[in-house]
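What follows is a pair of forms of the same protein chain, given separately as structure tokens and numbered structure 1 and structure 2.
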Structure 1
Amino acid sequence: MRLSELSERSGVSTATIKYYLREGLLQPGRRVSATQAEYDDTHLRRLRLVRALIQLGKVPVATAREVIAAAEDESLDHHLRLGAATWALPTGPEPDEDDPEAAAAGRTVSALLQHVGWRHDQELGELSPAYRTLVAAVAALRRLGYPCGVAHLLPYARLAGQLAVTDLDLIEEQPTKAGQIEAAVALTVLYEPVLLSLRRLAHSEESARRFTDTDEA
């Protein structure tokens, strides 16, 4: 397809597509003349990924470029390519190394991972952006005096483990490894707001069930 058709089918303006091409976010098309190129379905899929990263995930262009580079690095095994791509996505705040609560939070997180048997995550430890974000979150809970011990975090970890199975099942539905890597990034970006929204809706439903006064005046 030509650039105009790629724009029409993807919903991305030709000017934006040209910008993505210049920034290395979109692979070049096949040259058919000095001024024209042809594109195919791989370009459509890449545009979906770029839009998910930049527009929905609010990922900077430079970071989006890192994600795409990781997805295309065939020197890595499939697990590492998936991890490298998703690790490039933005996470929450980093723990403060000078905060005594951060050290205590780190011990809690390590104990939690050991309890649920997540050995891979235990080995990665502070190398993992998600691990560091979790430590920072637990440290904040500790500072404010809210419950955040292993017993309190365990139900969340178990639910997350179940969600991971569902997520990976969706990712494996993609027929190619490249498609699976792109899906891992896109689904991470797109499904996190779904999870947050469902959690808040569930809170509302449970609160109404518990606290709505059904007694007639």
Structure 2
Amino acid sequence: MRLSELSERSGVSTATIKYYLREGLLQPGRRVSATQAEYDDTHLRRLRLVRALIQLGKVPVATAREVIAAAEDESLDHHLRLGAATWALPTGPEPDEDDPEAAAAGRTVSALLQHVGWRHDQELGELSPAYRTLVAAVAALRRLGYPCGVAHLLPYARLAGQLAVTDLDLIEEQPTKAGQIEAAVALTVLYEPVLLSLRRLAHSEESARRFTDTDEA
């Protein structure tokens, strides 16, 4: 297909496609004349991954380039290729190393992961962006005196484990491995507001159930 059709089918403007070509995020098409190139389904798939990383995930171009290299490296297993893609996504604030609460929060998070048996996450520990964000979030709770011990966090970790099964089922609906990597990035990002807004709606429902005066119900 020509550039115009690639743009139409991907929903990415021709100007943006040309930018991705210049930045090496999209492999060049097969040249058919001095001014025209021919693109195929591999370009369409790559564009979906690039769009998921840059437009949805807000990943910087240089990082996106590394992620694409890892995602397409067939010597890595599928888990590592998915991980390379999702690790690049921005997370929340980092823990402040000088904060004494960060050290205590780190011990809580480590005990929590041991408790739920997330062997893999424990090994990666401090290297993992999500692990570091979790430590920062628990440190903030500690600093302000809100409940955040292992016993408080455990139900959230268990529910997150169930969410991950649902999420990975959704990702595995994609028929190709490349499609799964792209879906992992897009769905990680796009389902965050779904989850947070459903949580708030559920709060309202649960609060009505517990606290509405019976004579008004």
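For clarity, every value in this text was computed on a predicted model and none was experimentally measured. If you superpose the two forms and keep the largest set of C-alpha atoms that fall within 1.5 Å, you have the rigid core. Here, a residue number simply tells you its place in the sequence of structure 1, counted from 1.
Since only one of the two is the form predicted on its own, can you say which one?
Answer 1, the form predicted on its own.
With respect to the change between the two structures, which of 23, 70, 179, 48 is the hinge point between rigid parts?
Hinge position among the options: 70.
Give the rigid core superposed Cα shift of residue 56 between the two structures, in Å, rounded to one decimal.
Comparing the two forms, residue 56 shifts 4.3 Å at C-alpha.
Give the C-alpha shift of residue 14 between the two structures, in Å, after superposing the two forms on their rigid core.
Displacement of the alpha carbon, after core fit: 3.7 Å.
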